[in-house]
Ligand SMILES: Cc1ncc(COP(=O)(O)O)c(C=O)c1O
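Shown here is one chain on its own, the form predicted alone, set out as structure tokens.
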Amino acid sequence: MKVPTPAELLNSDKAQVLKDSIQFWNPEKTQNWQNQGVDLVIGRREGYYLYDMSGHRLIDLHLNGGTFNLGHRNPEVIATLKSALDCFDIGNHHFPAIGRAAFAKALVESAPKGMKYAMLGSGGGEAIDIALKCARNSTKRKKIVSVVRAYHGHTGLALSTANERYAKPFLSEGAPDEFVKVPFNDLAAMEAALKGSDAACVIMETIPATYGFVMPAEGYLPGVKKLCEKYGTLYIADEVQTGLMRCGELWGISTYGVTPDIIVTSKGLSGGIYPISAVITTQAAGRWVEEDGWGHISTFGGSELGCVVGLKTLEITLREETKKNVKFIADYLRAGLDRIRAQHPAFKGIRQRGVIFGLEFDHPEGAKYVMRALYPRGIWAIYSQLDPRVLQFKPGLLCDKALCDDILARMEEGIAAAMKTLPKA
């Protein structure tokens, strides 16, 4: 078997890559993107730029859900991984480890007051499963409450909390008395689900991403927390997409004045370089680690290389200049987007928290038209799968003014072009 070098892979024939993707990987997804006019096979990538194998350059405003918060192939993160390879490998998940101890400590110390343990995984879905198991163990209850049109990953328990779009194909909708879904921003419905004092936890993304970044109503998240306390239910904050400074603070939930019992983080924690995820818990929520340390086992969860990369990612994210830059980007891009929106009545609204933006259009699939118009103009941003009226617009934490100006110019041109082709709703 001849193994191609990375350089040879980058110089592969694009048509052959697409053919092999259809034959051996995922035919429906591959063809679906082709049908939507997104003929993308990512080759070279650097900073906040992606390059199609054909050479077409795109500014990445999708960031794979925040995985590339710090840009593609961030040089500091790469240097850290290269250095770590001189000393570490994945490690052995059964034993205490230098990297895991250091990373877990850093995570707990950076979390809201009252957190005690950090359990480590390899991806977001696994981390959600750990969090749900923590809640069931701590409360001795099985019922899990999530929101309608939720998405928390594609693993076992996590998939049962999701919208049927994801759960139904795998028969993972869960028993109705164990997995209950309520509308977002509806405190009365949430209380109805909790008042039996039989729910182990409520799990919510602080701002539901796949639902189009619907913003929590004033007082909603604190209200959910109070209901959880009233009925003995744990609050799990899924911060996979809203954490790590995307809302303007390290944890998005903190910007709403809520301290959850469990925080789940992943994606951006990897620096876009090495898979890692974490579940940060209070002592009560994580008590199983005091009773049976084999309660969750993951060979690659919290690999030592991933922990070293995660430490560097956390350090860059927590820098004061990073926080200041996020504030600048959020304000500067919002002003530019407001100006563009004023020119187009069908550009209905902007949902924003920090550098999380949902651009809402007055057509049931408006964001699909905008995505297609932006793509040839060098912008990669994707519509929300559970609300295709909304375009997910996610600039990176380290963008500078010049890049923001370029983004706004391309957005203005692309949105104008899309509005001309947008059918009447």
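It should be emphasised that the depicted structure is a prediction, and the values quoted were computed from it without experimental measurement. Start at 1 and count along the sequence shown; that's the residue number.
The same protein also has a form predicted together with the named molecule, omitted here; what follows describes it.
Looking at Y235, you'd find every heavy atom of it more than 4.5 angstroms from the named molecule in the predicted bound form. Shown alone here, D261 lies farther than 4.5 Å from the named molecule in the predicted bound form, counting heavy atoms only.
Remark: Y151 counts among the residues lining the named molecule in the predicted bound form, judged by a heavy atom distance of 4.5 Å or less. In the predicted bound form, V279 stays away from the named molecule, with no heavy atom inside 4.5 Å. For the candidate set G123, G71, G354, G99, a heavy atom within 4.5 Å of the named molecule in the predicted bound form is found for exactly one residue, namely G123. Scanning S303, T313, Q241, T161 against the named molecule in the predicted bound form with a 4.5 Å heavy atom cut-off leaves one residue, Q241.
Heavy atoms within 4.5 Å of the named molecule in the predicted bound form are found in one stretch of 291-299, 218-226, 320-328, 151-159, which is 151-159. Applying a 4.5 Å heavy atom cutoff to the named molecule in the predicted bound form picks out E205 as the lone residue from 186-208.
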